[in-house]
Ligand code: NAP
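Next comes just one chain, in structure tokens: the form predicted on its own.
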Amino acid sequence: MSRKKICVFSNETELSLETRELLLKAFAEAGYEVSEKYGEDAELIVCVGGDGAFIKALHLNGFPDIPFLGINTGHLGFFQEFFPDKVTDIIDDYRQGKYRVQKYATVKAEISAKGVKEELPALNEIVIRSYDSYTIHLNISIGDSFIERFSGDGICVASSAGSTGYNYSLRGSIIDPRLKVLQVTPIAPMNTTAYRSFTSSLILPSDLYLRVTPEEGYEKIRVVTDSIDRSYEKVKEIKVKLSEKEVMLLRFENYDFWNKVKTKFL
């Protein structure tokens, strides 16, 4: 019988590299085959670092359909549940099945631009703004219903999981990740006699999508997915919706989302 395979991914900080070596040794001694490279036959990815390392691992490995386990050696560590001193306990609990799998909904942007039709995934958010960081004017529809001509720095469309990220810094709402919704939060909206834009977040149910059409005159548009920045020329349309993909994180018996919110933000 082949051994069960574990993938260990880490960033390059000194503490993360030390923790990675500890994990590689501990999982091997527990009878697992361990690797620093993801393979489709792996049953678990252990990610060492902060939330940025976790997001990077997701994108590098194509949002794989296996669970992640987070070891926090960074700062906020909202997705990363454990600290390095708990490695032995984590492996024991994992071997005994003392965990549950928490699924996070993801978002995607369907981009139609000059010579491009592309789909981009994100766990936290998709941000649409002008290429040169000047004020941008966007025609925004929800489904087939036109809503507004937005004027401002841009918009952030976040998943429930991403509500505690960039969305929160824009004064968006914190949403329990068990709710599958989109949150559309304006970035520095203009609301004057000349320009009228929403100044607070909009919450959309899972079966609706957001359609964004830049006004004529914008040669390039920036689309940022989980801090990965891309630019597109002559964008015709961008649709943002919930994706079919889900991200799975292992949660152990003491995990509670709202307690995490309290300890990280209050």
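The first residue of the sequence shown is number 1, and the count goes up from there. This one's a predicted model, so the numbers in the text were calculated from it and none came from an experiment.
In what follows, reference is made to the form predicted in complex with the ligand, a form of this protein that is not presented.
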| task | Just one of 233-241, 32-40, 50-58, 201-209 has residues with a heavy atom within 4.5 Å of the ligand in the model of the complex, so point it out. | result | 50-58
| said: Just to be sure I understand the contacts: of 114, 178, 95, 75, which is the one whose heavy atoms reach within 4.5 angstroms of the ligand in the model of the complex? | reply: 75
| remark: From 195, 131, 99, 166: within 4.5 Å of the ligand in the model of the complex by heavy atoms is 166
| Does residue 185 reach the ligand in the model of the complex, with heavy atoms at most 4.5 Å apart? | no
| Does the ligand come within 4.5 Å of any heavy atom of residue 140 in the model of the complex? | no
| task | With heavy atoms only and a cut-off of 4.5 Å, decide whether residue 79 touches the ligand in the model of the complex. | result | yes
| request: May I ask you to check whether residue 227 falls inside a 4.5 Å heavy atom distance of the ligand in the model of the complex? | output: yes
| remark: Checked 130-162 against the ligand in the model of the complex; residues with a heavy atom within 4.5 Å, sequence order, are 161, 162
